[in-house]
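Take a look at this single chain, the form predicted alone, given in structure tokens.
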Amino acid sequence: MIGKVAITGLGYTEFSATSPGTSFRELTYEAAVKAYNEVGIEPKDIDTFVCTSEDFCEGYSISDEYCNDQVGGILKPVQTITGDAIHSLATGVMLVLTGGFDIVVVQALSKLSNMKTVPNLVNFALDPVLNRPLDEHYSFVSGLGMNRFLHDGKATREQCAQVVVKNRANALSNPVAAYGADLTVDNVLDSEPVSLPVRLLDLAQVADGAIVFVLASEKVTGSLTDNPIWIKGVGWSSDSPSLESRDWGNSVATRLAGDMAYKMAGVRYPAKEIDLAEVTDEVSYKELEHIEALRLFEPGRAGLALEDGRTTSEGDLPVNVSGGDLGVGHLFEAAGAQKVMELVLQLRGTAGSRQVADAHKGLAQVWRGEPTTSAAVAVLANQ
């Protein structure tokens, strides 16, 4: 990467299934105040802001324009991203690398508890001519995807269930996670069928929360923090939006986004160079599919690595120590921010009881969820 960009400040709220006493504005304000206090700045010191929001999730158009007040962006240039927070992080990185901005704030939030008809919302992402008129719950796409994953012999049904067991247990050590639980494989396999082979416990449940990052150029980083986390690489990609033409056997977008981020970060051997990963597990099997697409494990080996304990918090390549989407909650557009947030805590050495030993370089990957094929990746390091 030409130039260096660091995450110097981090603020976040708890993630909860519901937050009836708090508006999305208040969630954003809480996270922003924490981030600014951490590095000793005020909104007047910030050069520009990047806000992340999807209009459908908030219930009205250009909803991201309503976050400017809460992050202190009055009369300041603001970029608005209707994508995932890692897309916003990438935008923030590019803004700093122009040389025109030294301090950039990136914001993301989720207030999905306000949305009573999440399936209806997600169905808007289906093809309006070929797929949406079928009026099916979007989880049928998850069922098709898992069926193909299992048919190709890339994992067993029990290994997919073990992802749920691992991540919900990891969330018990995360004080801000919403869905920590002590489960067994049988609990998962006996849960309510949704779109077979997908069952209820295979699916991440929605959560509310907000995250704010303070990004800085190399020349001002030292004045803000003694413990910067450097953004080494970012990447993003989208595969075919059509159900009829996509590659059902692989997460092509994740592979391309990962390769883009690796190239920028100078990572040649991901399986050897990455110390921990936070990836999307919105559907249980997706964790296994994504870590293979990211070249962290050979095709068909991720499930075996899970069984061998290699992806646990004590393993040689911990995956979703935070609890992932299954344990923390599905945050929609803020999902990538939660994964980057966990890496920042781990790489700072401030993750508490879930701290991964000798963590120096981490990877955050996000997939925007059914029925999309959009992914983004960030590589972070503490040196």
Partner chain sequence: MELSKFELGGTRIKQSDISKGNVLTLAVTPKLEYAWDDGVAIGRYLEELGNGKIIARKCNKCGRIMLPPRMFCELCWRATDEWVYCEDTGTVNTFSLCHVNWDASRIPEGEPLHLPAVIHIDGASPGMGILHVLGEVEPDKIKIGMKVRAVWKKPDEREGSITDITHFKPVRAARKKSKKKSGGGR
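Every value quoted in this text rests on a predicted model; they were computed, and no experiment measured them. Numbering follows the first chain given and starts at 1.
Only in words, not in the display: the form predicted in complex with the partner chain, which the text now covers.
- prompt: So in the predicted complex, does L121 come within 4.5 Å of the partner chain, heavy atom to heavy atom?
  reply: Although the partner chain is absent here, L121 would touch it in the predicted complex, with heavy atoms inside 4.5 Å.
message: Is it the case that T372, even though its partner is missing from this view, gets within 4.5 Å of the partner chain in the predicted complex, heavy atoms only?
response: Output for T372 is no: heavy atoms all beyond 4.5 Å of the partner chain.
message: Residue-level contact is defined here as any heavy atom of the residue lying within 4.5 Å of the partner chain in the predicted complex; does H290 satisfy this criterion?
response: Looking in the predicted complex, residue contacts with the partner chain do not include H290, since no heavy atom lies within 4.5 Å.
- prompt: So in the predicted complex, does any heavy atom of C57 sit within 4.5 Å of the partner chain?
  reply: Close contact exists here: in the predicted complex, C57 approaches the partner chain to within 4.5 Å, heavy atoms only.
field: E26, D316, E65, D47 - the one with a heavy atom within 4.5 Å of the partner chain in the predicted complex
entry: None of the others qualify; the residue that does is E26.
- prompt: Which single stretch, out of 180 to 188, 113 to 121, 197 to 205, 90 to 98, brings residue heavy atoms within 4.5 Å of the partner chain in the predicted complex?
  reply: Heavy atoms within 4.5 Å of the partner chain in the predicted complex occur in 113 to 121.
- prompt: Does anything in 145 to 172 come within 4.5 Å of the partner chain in the predicted complex by heavy atoms, and if so which residues, in order?
  reply: The stretch does not touch the partner at all.
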